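Taking the form predicted alone, here's one chain by itself in structure tokens.
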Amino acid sequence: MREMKGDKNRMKSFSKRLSLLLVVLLAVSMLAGCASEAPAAETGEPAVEPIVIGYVGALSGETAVWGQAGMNGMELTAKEINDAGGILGRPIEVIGLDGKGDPIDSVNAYKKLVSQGAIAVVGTNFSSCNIPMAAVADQMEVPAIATAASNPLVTVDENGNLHPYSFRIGFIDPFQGRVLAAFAMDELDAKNAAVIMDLNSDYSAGVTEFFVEGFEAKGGEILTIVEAQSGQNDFRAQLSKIAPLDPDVILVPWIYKDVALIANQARELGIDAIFLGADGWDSKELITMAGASLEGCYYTSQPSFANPVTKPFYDAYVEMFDGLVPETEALFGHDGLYWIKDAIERAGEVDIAKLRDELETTTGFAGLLGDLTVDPATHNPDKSVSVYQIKDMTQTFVGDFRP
């Protein structure tokens, strides 16, 4: 009987120790669980889902200098916004995809960004890319915000019907074409003009059309319009048709690489007229490639880093990207992101339909490219055009103009 009682006592003692061990293990497990949640408790809030905003630009190829600047500008601005608390307490995540300056690649990049959760897409700076993108944006119902794409058909179709999800930051070709015409006659006292046009470019055709319209409306004479195409590299045949006409000014609405070739070849042929251009000229590479051939010539563009208000952003860009000098497209990335932030905050929530509505009704948004008020009927901003002169091998701000 004693042996049986002893066994029972040992069993009770073992049971108590086992229960105590289980309690200890449970406590340790709970403490471990609390420890794993400690970072969230320390920050006060669990991690919140970022707001995804896309960028499409030519990140490779001949015009990558623009696309890379736009993407860099978006990244720098996103950091600035996130450091200040994000948008409605949520951080921004910028995703950039390479549109290669090509319409099909740009449309596909836009579609991919939407599939990845982008609530808006900034870019491109090419009308030929944003015109087809506009129709796709209407179908997918996610705003596409063009940067320097300036053809009217970026935001309205051929019949003038609005693309409800397509917007732009920059001015349109009719506007800068008319400013160039008025500037040539009123400021340069030009009586006649010639044009060399890129027949494959909606941008070039648009600037040409409205320059000619404005110039002739003010009594000027268009001596000739000759056509060429980007990539041919030799423009002497077209320039030889212009040379004997001796025009006061020659309109060259091309992008900077072609402009440099045209200017150098024109000077070789003895053409000494003043060249005029639009925002396709706006690159720090232009003077490097053209040398003195464009000395004394003029072009229109957005407000640029020549404006003192952009200096803090310029300095931050150079610091963040190891001394890289920014192109104006970086300012579009900045203003595009802040415009989206402004619209979301006015909406009071992250909702794509409400974001679209607030973009459409924007008035007096203050960006580094100037104040922006949107025409709800066209989604075009009301803003002035800056004129620059190439003087002493630098791009010098002349002033802001309206036609």
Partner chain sequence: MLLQQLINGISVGGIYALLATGYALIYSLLGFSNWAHGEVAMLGAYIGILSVTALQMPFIFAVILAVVGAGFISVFNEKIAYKRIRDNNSPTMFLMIAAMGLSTTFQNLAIVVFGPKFKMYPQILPVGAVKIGSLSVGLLDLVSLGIAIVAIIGLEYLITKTKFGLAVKAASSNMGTASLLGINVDKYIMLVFFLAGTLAGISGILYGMKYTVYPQLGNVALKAFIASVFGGLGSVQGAIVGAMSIGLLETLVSAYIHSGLRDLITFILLIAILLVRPTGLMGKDIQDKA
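Given the structure is predicted, the values throughout are model-derived calculations rather than measurements. Numbering follows the first chain given and starts at 1. Just so we're on the same page, rigid core means the largest C-alpha set that superposes within 1.5 Å between forms.
Only in words, not in the display: the form predicted together with the partner chain, which the text now covers.
Student: Is there a heavy atom of Asp189 no more than 4.5 Å from a heavy atom of the partner chain in the predicted complex?
Tutor: Asp189: no contact with the partner chain in the predicted complex.
Student: Please tell me whether any heavy atom belonging to Met320 falls inside 4.5 Å of a heavy atom of the partner chain, as the geometry stands in the predicted complex.
Tutor: No, no contact at 4.5 Å.
Student: Is Asn233 close enough to the partner chain in the predicted complex to count, meaning some heavy atom within 4.5 Å?
Tutor: The answer is yes: Asn233 has a heavy atom within 4.5 Å of the partner chain.
Student: Any chance Gln238 has a heavy atom within 4.5 Å of the partner chain in the predicted complex?
Tutor: Gln238: contacts the partner chain in the predicted complex.
Student: Please identify, from 312-320, 281-289, 134-142, 176-184, the stretch that has a heavy atom within 4.5 Å of the partner chain in the predicted complex.
Tutor: Contact criterion met by 281-289 only.
Student: Only one of Phe215, Phe171, Tyr256, Tyr299 has a non-hydrogen atom within 4.5 angstroms of the partner chain in the predicted complex; which is it?
Tutor: So the residue touching the partner chain in the predicted complex, by this definition, is Tyr256.
Student: Within 4.5 Å, heavy atoms only, which of Asn82, Thr224, Asn108, Gln229 is in contact with the partner chain in the predicted complex?
Tutor: Selected residue: Gln229.
Student: May I ask whether Leu261, Glu268 and Ser293 all come within 4.5 angstroms of the partner chain in the predicted complex, judged by heavy atoms?
Tutor: Looking in the predicted complex, the three residues Leu261, Glu268 and Ser293 all sit within 4.5 Å of the partner chain (heavy atoms).
Student: Once both forms sit on the same rigid core, is the C-alpha displacement of Glu327 at or above 2 Å between the shown form and the other one?
Tutor: Where the cores coincide, Glu327 shows only a C-alpha shift between the shown form and the other one that is less than 2 Å.
Student: So, does Arg267 move by 2 Å or more at the CA between the shown form and the other one, with the core held fixed?
Tutor: Comparing forms between the shown form and the other one, the Arg267 CA shifts at least 2 Å.
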